[in-house]
Each structure stands twice: as structure tokens, then as C-alpha cells.
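Laid out below as C-alpha cells are two forms of one and the same protein chain, each shown alone and named structure 1 and structure 2.
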Structure 1
Amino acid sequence: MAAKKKKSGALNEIGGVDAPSSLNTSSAKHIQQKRLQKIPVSEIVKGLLEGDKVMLSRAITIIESSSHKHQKQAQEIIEACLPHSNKSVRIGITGVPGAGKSTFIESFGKMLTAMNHMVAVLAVDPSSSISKGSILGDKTRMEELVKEENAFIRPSSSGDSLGGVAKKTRETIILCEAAGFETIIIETVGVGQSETAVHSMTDFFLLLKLAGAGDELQGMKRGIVEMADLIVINKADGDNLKAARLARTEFNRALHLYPPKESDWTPKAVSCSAMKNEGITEIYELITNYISLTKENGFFEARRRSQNKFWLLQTIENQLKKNFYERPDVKKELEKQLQAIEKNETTPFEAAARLLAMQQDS
């Protein structure tokens, strides 16, 4: 007779293979970079355009690499993929931790793959401020979707990127589109400025909420509601069903108080149960209606152009910051000013003025 399986709980650990104590993470990273350098860019691009998910993963790894050796390769890959991009629908999904984003994306993604759609999920994983490593590991949270032939899931550590959105997410979108993925889902951590960052790179913005946890009051904040094209009250099942319906009604009343959107789209709130796969079809239909409307009235293309301008300015800002902090004289002076601040010999504003003056003098 087979032994009974232990009941799994939220705090139970999943057994795995222990890493050897002698494992050197920096050496492992060096080995990975060496392997990437051995593959010609032309071969990576060819495989990517043919829909090879292995080559797509390798291409993303190259553009995410901080190595100077990979920057030229990354640029060549992006340039080769650009003519084949811009043919997808980009959906941004955000919500507080615990709102069920991963469960919702899995349910929504499986519905799309069942319709023979190619779906890519770019899940930005929160990273530890101490180890800088990913905390959640989204592939383990979407066990069914990751098995689908037409699905591609890429978890990326948010690192120190503003708002928890991976720095290279925009470039990754281009690669996924070139690989033939028709629907790109960008999931964000749902903290800080991540909503604004995701909104700047997507066509449709979905806000996932909870009912009965005080979350509906947080949702009334003007900024996040104004950005949302659709508010979804998740976990509308069991004892939470009544509270979810009430929250849906409250959100719909609140949405009527906001001015009309440039897209001519009227946002609404709906409820669903991603766990029970209920209400997912209605959400898909609403997104489809939105895309049809905005393509007809020209807002879709206008928004894409606006996004490209934003990306240009953001890229310049990031490069200027990088160039500034990498200068040896700035590094030396920065350390000096940090020590001066610690000893209360200067103010942060005076220290910043000194450092920025070095940029002007160069």
C-alpha cells in the first residue's frame, strides 16, 4: 500500500537538490557568459525568429547582462528583431501582493493558448535588497502554463530598477514579438512606482484587486484608478463572493466620477475567480473590445508612438546616470562626500552640487 502523501501547506518547503557548498556563484555566472559568447548573434536571431524558445531565452539573457562584452551583441539582436516586432497586444497586470496575479495570469494564459494564441509572460520578480536575488520565482507559481507549447514565461529579478520593473523589460518585449508571440503579459510586483512603469509600456492596463481586505479603499487612490482600463476583483468565490460583488459595485460607481479617457474607452470593474476559472472569458472579451475600439479610432497607434518617445527619454536618462557613476573621479568623490555626510561636515544638497559640478567641468 502506497504511503500517504503529506498535506501541503503555505509554509511547507518543496524538496529539492542541495547546492554543493563549494559552488561559486560568480564562477557560474562567468561560465554562462562564456557559453553565450560562443553562439554567433546570427544563429541566435535566426532561431529566435523561427520561434525557438531556447534561443529567445539566450537572447534575453544577453540583453539582461551587465557585461560590456554583451552590450554590442545585445544591440545587434535588438536591431535585427525590430522589423519583426510591434505585432502583439501588450497587457500590463498589476495588483498588491496576494491579489492572485500569478493564478489569474495562468488561468488567462491557458485560455489563450487553448485558442492557439502565442502567449509570453514577463513576470518581474521582487528581489531581495540583501542578496539581490529573486524571491518568488514565477515559473514555480505558474506550473501549468509553463508546460504549454504556445507559452513562454520569463521571470526577471527587479533588482534596483525603479518601481520593481526589470530594466530590460522593454527590449524583452521586442524579442518576444519577433519570436511570434501575439500576446505579451507584463506582470509587476505591484509596489511603489511599478504601475506607472508598466503603464508606459503596455496597450491595456489591468488592475487586480481584492475584496474584504481593505484593498478596495486603496484602490480609490486617483492615480492608479485613472491608469486602469479594467479593474478585476479577484477571488470572487466562496465566502468572499458577496464582498467581491459589493467591491465591484463600489468601483463602478467610482469610475463614473473620472473624466473620459483619450481612448474613448469607458473603464469598468468586473469580478472573477481565477482559481475556479470563472469570469476569465468576459475579461478577454473586454480586452478584445478595447483593442478593436482603439485601433479604429487611432488611439492604439498614437499610444505606441508616445511609448517610443518615452522609452527614448528613459534610455537617455539611464545611460547618462550609468556614465556618471562609472567615472573613476566621480566614484572617488562620491565616497568622499558620503563620508563627509556621515560626519555631518556637509549636507546632501551641497555634496550633490559638488558631484554634479564635476559633470559640467568635464
Structure 2
Amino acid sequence: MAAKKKKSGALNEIGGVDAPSSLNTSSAKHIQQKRLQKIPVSEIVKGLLEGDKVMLSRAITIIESSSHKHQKQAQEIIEACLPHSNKSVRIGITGVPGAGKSTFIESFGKMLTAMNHMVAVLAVDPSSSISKGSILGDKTRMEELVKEENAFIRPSSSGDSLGGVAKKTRETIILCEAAGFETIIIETVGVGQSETAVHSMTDFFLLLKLAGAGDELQGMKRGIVEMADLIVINKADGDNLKAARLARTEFNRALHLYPPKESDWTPKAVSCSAMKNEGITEIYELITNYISLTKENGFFEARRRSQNKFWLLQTIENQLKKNFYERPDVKKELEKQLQAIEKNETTPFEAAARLLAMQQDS
């Protein structure tokens, strides 16, 4: 029965991935919401904690919903899941389009499920909040992993801001952990601040790279290489093998230029062929080594604590700024003060004092 439930969960998930456009129509949305309302929260939570992927999927949909009713339910679900969360290894994966992220995650994920590990794949894609597209929405992607009993794949949630998407992803992690998933992979494309956001919610950060991209390879993207615990040069096969090895050497040299990491881990560059399943086991071993090292030296726990604090303060500060800057009178005065600065009539500090005086007036 449980197995059957799980199976239908997987199928349901595929369905969701298959038909995102049809679900985006308002009538489909309406039907979906009606259906969700029928199941009591207690039942959703019960199923989720038993590892039922249909229920997990529904719980995530509730979390992603912006309706007031769902937000209240979402809170209940999260509170019930919290005591069962925190037990997974969270891996962030980034790379430019074309680096082979899906193929890599499929290969890596299938290795894990073959070891009876439970793997969840989520995505943070701020571009989808604008285009309403989704980096995991393509039905042809990860088509083997999606069929695995122990895998759960969720397309990226949409939202009107990166902060909103990040909040939903963080909460989805909690749900997946409560459902028993031991490895959570969070994929992102290198757009804007999404990589920093994913780095701030994962234990291990993997940067997927391509060799032979010419001088593009030389350009160490601002801050991304610095965040990486592991750089993987993908597509190290066929004609590309030599270039991949060269890139690996080059990145290993570049990594030496950075100061040692707080985790005591020395970031490495390796190469692999996700398509041919080569080098994937070695990557898993490196991640395992990292987890052992950081659990032993206390960095793993300390980092999760500081990530929690980061998201707490980040959420507060974003809202404080929003509350202030979105006031119509502040908007108007800010424009005026910026012009005055431009004309050399005031300093930024004097202008700030005038704007801040408005906070007291409210």
C-alpha cells in the first residue's frame, strides 16, 4: 500500500513536470486548489512523514500558494515537520546553461538511489519568477531519475522575488527532510544572486564547469569560484578529454590563490563525464569526506546555525527596507534628495537624515 502510494506519487510528480503550462491556466489552478482543500492537513502531514511523495508534493504546493488559507495550513505543516528535519546533507549545484547540470544530477542521483539513498532534487531559479518558466520543467530532463522510487524531483517554485523563492525552497527542504530524504540537491543557474542564496542554504557547494569554452574559462566569475567546495569539469570525454584535464589543472592552480576556508576543507577541481557515468563515484567520495571533516570539526553544525541566523536577519532587514522605501512619501522625497545630491546641494548623509526623519513622523 505504502509502495503503491509512493509509486503514484512519482507518477503524479511526472505529470506535474509534464504539464506545467496546462496547470498554469486559471481553471486548472482552480481545480487543483479544490482538490487540495479536500484533504485535511493532518492527513497530508501523516502521509508526508511516512514518505508518501503525493502528500509531500501536495504539502509543497500548499507552501508555494499565496492564498491566505494555504499560508495558515503551510505553517501547520512546517511546524509538524520541523522536529523531523535537519537530518539530510544539502548539496548546492550551479553551472551555466549547457554545463550539463541535469545529466550530472541524473547520474549522481541514480548512483545514490542505487545505494538505497533517498534523493530529492529542488531548484532555485529566480528567472522563472519573471518568465514563469522553470529550470526543471523540461520533461526530457532527468527522465530516468524521476522514475526511481527513492527520488523526488520538484521543479523550481515561482515567486515575485528571489527572497520569496528562497523562503519557499528553504521550507521545501524541511518538508523533504521530514519525508525521509537523506540527500537534498538544490540546483540553480548562475543568474544574479541565486547562487549566493543557494550557497546560504546548503552544506556543500558544487560548481559545474565546461572545458574548452576558451577565455570564458579564464574568467573566474566574481565570487562563485570562491564559494565552491568542489569544481567539477563536466563532459570530460571524447575529443573534450584533453581540454577538461587542462581546465582541471588550471582551476586547481587558481584555487591555491584563495585563502584557506573556514571549514578547513581544501576546495578541489576534478573532471567527470556525467554522460558516461565516469568520475561520479569519486565526486561522491569527496563530498562524503567533506561531510565527515566538517561534522568532526564542528563546522557543519556551526554553518547551519549561522545560515539560520542569516535567513532570520535577512528576512527582517529586507522587510524593514521594504516598509520604508515603499512608502509613497519616502519614494517622492528620495527622488528629490537624489537630485539635490546630483546638484551638489546636499551630501548623502544630510539627505539620509532628512529621509530618516520621516520614519519618526509616521
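Counting starts at 1 with the first residue of structure 1 and goes up one by one along its sequence. In this text, rigid core is short for the largest set of C-alphas that superpose within 1.5 Å between two forms. Since this is a predicted model, take the numbers as computed values, not measurements.
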* Asked: Which of these two chains, shown alone, is the form predicted alone?
  -> 1
* To do: Pick out which of His68, Leu313, Pro259, Glu149 lies at the hinge where one rigid part swings against the other between the two structures.
  => Leu313
* Asked: If you fit the C-alpha atoms of each rigid part, what angle in whole degrees does the small part swing through between the two structures?
  -> 32
* Keeping the rigid core fixed, what distance in angstrom separates the two C-alpha positions of Lys321 between the two structures? -> 7.3
